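Presented as C-alpha cells, the chain that follows is alone, the form predicted on its own.
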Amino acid sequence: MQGYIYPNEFELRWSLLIVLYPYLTGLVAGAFILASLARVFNVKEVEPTYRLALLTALAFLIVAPLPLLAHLGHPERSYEIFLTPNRKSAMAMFGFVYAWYLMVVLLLEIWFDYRRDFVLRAREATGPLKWIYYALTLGSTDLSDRALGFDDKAGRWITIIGIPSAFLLHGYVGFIFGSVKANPWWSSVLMPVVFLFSAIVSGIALVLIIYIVATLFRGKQVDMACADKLATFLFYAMVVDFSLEMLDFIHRLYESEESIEILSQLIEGRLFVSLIVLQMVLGTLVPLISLGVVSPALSWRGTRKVPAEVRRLIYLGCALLVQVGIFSIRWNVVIGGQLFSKSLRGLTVYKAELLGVEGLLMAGAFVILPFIILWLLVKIMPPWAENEIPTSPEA
C-alpha cells in the first residue's frame, strides 16, 4: 500500500465479475449495431456476417446478466425486480431494459429473419428435429410473397427500434458509473458515451474474429470484401472511441481538481500495465496503426497491396488485441475506481482469486459459456450464406 488508507477501505466491493458484466453487455450492443449496418443501412459488404452478428448478440445476451447475479447472490430472487420495481434505481431498472431488448428486439428480429428457414427445415427434417423446427415457426407456416414481405418489413422496423435500444442497453452501464459523483475516476458526463463506442468497437472485433475463424474451420473461403469492410468500420469506431477517451482525460487534467494527484499516482502505479500497456498501446495504438496500413480502404496511395492471406491474419490479430484493450478498459474503470481511498490519500491492492464465486475460474466459465451457446444456435439456425465457395488459393 501507499499513503493512508482507512481500515474499512481495504476490501473492494466490486470485483472481477463486475468487470465481466459490462464487457459482455458491450459485446451484445456492438454485435447488434453491426447487424443493423446490413439490415437498415444496406451495407452490402457486411451481409455475410448479418445473421452471425444476431446470433452472437443473442448468445452473449443470455449470459450477460449471470456475472451480476452470481455477484449479488440468491439469483432465485431476481424475479422480484419485476414484481416490485423501483423506478428510482438505475440498477433495478436494468432488468426491464434487459427484458425489452431480449424479448421484444433480439428474439423477434431473429424469428422474423429465420421464419422461412424454420418452415422449410420443418418440412424436410425427420424425427425430433421436425418437431423442434415446427415449434420454432410458432404455427406460422405461410411462405407466400406477402407473408415473406411482411417478415422483411417487420424485421427492418424491429432493427430500427433496436438501434437506440442497444445504445440504451450499454449506455446505461456507463451511466451507472458516471453518476457516482463521489468517485473522481468515474464521475464524468462522457462515461456513457465512452462505454457505448467501446462497445461498438468490441462487438465489431468479436464478430470479425468469429467470422474468420468459423469460416476457415468450415473449409470455406473468407469473403475478403466483407473482412475489409469490417476492418474499416473497426478502425473508424476505434478512432472515435480513442478520441473520446483522450477528451475525457484532457478534461480531467484541465479541471485540476484535488483528485488529480491521486489519479496520477493510480495511473503511474497500479494501472500502468492495464491502462498504458494493455489498453493504450496493445489494445489501441497497435491495431489502429496495423489496420491503417494494411486495409485497402485506409492505406494511402502508392502503398503496395497486402495479400489477402496476410490481411486476414492481421485483421484477426488486431481484433484479438482490441478485445484485450476493451477488457482492460472495463478493468480500469471498475477496479481502478476502487483502488484509492475515499480520503484521496492512498492506494490499495486488488488480487483476483482463483477459486470461488468471484474467482478466475468462474469468470473464465462465463466467458466460454456464450461461445458454447453460440455453437448450439449455429447448429439449429445456420447463419451462413448458401453461395459460399470452398477454400481456394487467392490471387
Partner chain sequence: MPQQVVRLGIAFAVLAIVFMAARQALVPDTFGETGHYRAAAVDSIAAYPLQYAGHDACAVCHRPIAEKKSDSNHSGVSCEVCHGPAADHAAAPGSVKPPAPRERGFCPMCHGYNASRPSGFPQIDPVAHNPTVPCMTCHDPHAPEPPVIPGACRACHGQIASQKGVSHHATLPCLTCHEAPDEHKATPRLIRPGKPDTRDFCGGCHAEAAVSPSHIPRIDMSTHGDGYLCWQCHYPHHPGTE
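Residue numbers count along the first chain shown, from 1. Throughout, rigid core stands for the largest set of C-alpha atoms superposing within 1.5 Å between the two forms. Only a predicted model underlies this, so the values are computations on that prediction, with no experimental measurement involved.
In what follows, reference is made to the form predicted together with the partner chain, a form of this protein that is not presented.
Student: So, in the predicted bound form, is D142 in contact with the partner chain at a 4.5 angstroms heavy atom limit?
Tutor: The answer is yes: D142 has a heavy atom within 4.5 Å of the partner chain.
Student: Does W157 reach the partner chain in the predicted bound form if we count a contact as any heavy atom within 4.5 Å?
Tutor: Flag for W157 set to no.
Student: Any chance F82 has a heavy atom within 4.5 Å of the partner chain in the predicted bound form?
Tutor: Yes.
Student: Going by a heavy atom distance of 4.5 Å, is L108 a contact of the partner chain in the predicted bound form?
Tutor: Contact check for L108: yes, within 4.5 Å of the partner chain in the predicted bound form.
Student: Any chance all of W331, L355 and V367 sit within 4.5 Å of the partner chain in the predicted bound form, going by non-hydrogen atoms?
Tutor: No, because W331, L355 and V367 lack any heavy atom that approaches the partner chain to within 4.5 Å in the predicted bound form.
Student: Which of 271 to 279, 225 to 233, 196 to 204, 84 to 92 has heavy atoms within 4.5 Å of the partner chain in the predicted bound form?
Tutor: In the other structure, the partner sits against 84 to 92.
Student: With the partner chain left out of view, choose which of A147, L120, L247, L129 has a non-hydrogen atom within 4.5 angstroms of it in the predicted bound form.
Tutor: Residue within 4.5 Å of the partner: A147.
Student: Considering non-hydrogen atoms and a 4.5 Å limit, which listed residue (F167, W185, F112, Y133) is close to the partner chain in the predicted bound form?
Tutor: Flagged contact: F112.
Student: For R77, is the C-alpha shift between the shown form and the other one 2 Å or more after core superposition?
Tutor: True for R77: a C-alpha shift of 2 Å or more.
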